[in-house]
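We begin with a single chain expressed as structure tokens, specifically the form predicted alone.
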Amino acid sequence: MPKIPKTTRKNDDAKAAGKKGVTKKTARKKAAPAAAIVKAAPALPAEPTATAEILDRLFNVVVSRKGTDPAVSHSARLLSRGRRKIAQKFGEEAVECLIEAVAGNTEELVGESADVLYHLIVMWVDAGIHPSDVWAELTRREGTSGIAEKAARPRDPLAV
């Protein structure tokens, strides 16, 4: 069977059903008036090329600083001061992040969020946790209701 262009086949099907086929003339009649045509909005600037992969790269940098001269690297300095100091810095940054969020300071919130993530990664390095462990846990939880996930956790005997 020879290949028939879709427009011809569509028009033939319409005619067979007792309907008129679409022609250029009828298509023009059905088109919206020129005044009703809405112009497309100007294109938004491209999103930054940064992705979550930066966290893996940052993790590798912090790992590489472990055991190096604390006078040369902030990460080395934090790691040399121990887990309590790392946790304290993480907590301070988390509180600053919360303050900016509540105040509605978006730009400052972005900066404080970066600080929180950096100090969290330093804590992971100190604790021997690899980001892939955290990503795997997030993947395990994905698609599970937060309420159901929390209810499935073992109960803390010290919780009131």
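Just count from 1 along the sequence shown to find any residue number. This one's a predicted model, so the numbers in the text were calculated from it and none came from an experiment.
Absent from the display: the form predicted together with a small molecule. The rest refers to it.
Selected contact from Leu58, Leu109, Ile129, Ala94, since only one has a non-hydrogen atom within 4.5 angstroms of the small molecule in the predicted bound form: If I apply the 4.5 Å criterion carefully, the residue I get is Leu58.
Proximity of Asp115 to the small molecule in the predicted bound form, heavy atoms at 4.5 Å: Result yes; Asp115 sits at the interface with the small molecule in the predicted bound form.
Any non-hydrogen atom of Arg84 within 4.5 angstroms of the small molecule in the predicted bound form: Answer no; every heavy atom of Arg84 is more than 4.5 Å from the small molecule in the predicted bound form.
Any non-hydrogen atom of Ser80 within 4.5 angstroms of the small molecule in the predicted bound form: No, Ser80 sits far enough from the small molecule in the predicted bound form that none of its heavy atoms falls within 4.5 Å.
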